[in-house]
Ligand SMILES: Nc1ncnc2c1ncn2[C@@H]1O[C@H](COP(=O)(O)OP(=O)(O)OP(=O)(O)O)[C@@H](O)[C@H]1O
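In structure tokens, the next block holds one chain alone, the form predicted alone.
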């Protein structure tokens, strides 16, 4: 599976939550598997999930090195790509790996020159490892991951082996979309530990929060976290609209909100003009 979407929409959060849920389920159902045991002369830990975040401009060797680091494999400094890969594949078998998540795949070197090498390496790993692979990144549909050299008719092995799923910003154009966004806000609000914060305050303001963040789960998390810190430092111990208005978040979200305010003649922080009304709970 390939999950493709722009930055800050929650791709990494999504796959990490799924991976955590899978491991928790397995620990509950088969706790005996998580006891260190002997396998083919090694003392190993059952490791159902592997999560790798790709460094910038990574090569196939860098990818194998990231796997080796996850497993804490004792490899010699001058180990070749093939030696690393063989050790990694052996470790995945010994540790019973079932899910492999490769995050930020766009950082792999997918240029016309190296793209085929990377794709061949991913194919080799998938062929020799009994695990489900999940890739995340952005602009992958037209990248070297799916198309060799950018040619639309030259589909790669990866494109023939993976389903593509798009992940975008939250929208609130329909009732279902509003409910989905409100549920995200509720989840974050439920995690607050502020002494005087009234539950439901942020849910009632979920439309305002969408305008502030553009529907980005990363921007929403930053906004609520920074507001909570301000509430603690000021001894207010509650997140209010006033506190939220004082928080400056990422540039993309801020520019989007400035544009929205100008279009709707909305002002705050003591400026003249129409104040943005609180949204009704969905």
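Positions refer to the first chain, counted from 1. Each form is matched to the other, and the largest set of C-alpha atoms that superpose within 1.5 Å is called the rigid core. Worth saying up front: this structure is predicted, and the values here are computed from it rather than measured.
Absent from the display: the form predicted in complex with this ligand. The rest refers to it.
Heavy atoms within 4.5 Å of this ligand in the model of the complex are found in exactly one of 214-222, 56-64, 250-258, 37-45, that being 214-222. For the chain shown alone, residue 9 is a contact residue for this ligand in the model of the complex, at least one non-hydrogen atom being within 4.5 angstroms. Contact check for residue 138: a non-hydrogen atom falls within 4.5 Å of this ligand in the model of the complex.
Although the partner is absent here, residue 104 sits close enough that one of its heavy atoms falls within 4.5 Å of this ligand in the model of the complex. Taking the partner from elsewhere, residue 25 is found to have every heavy atom lying beyond 4.5 Å of this ligand in the model of the complex. For the options 87, 188, 125, 134, the one in contact with this ligand in the model of the complex, meaning a heavy atom within 4.5 Å, is 188. The rigid-core alignment places the CA of residue 33 less than 2 Å apart between the shown form and the other one. The rigid-core alignment places the CA of residue 167 less than 2 Å apart between the shown form and the other one.
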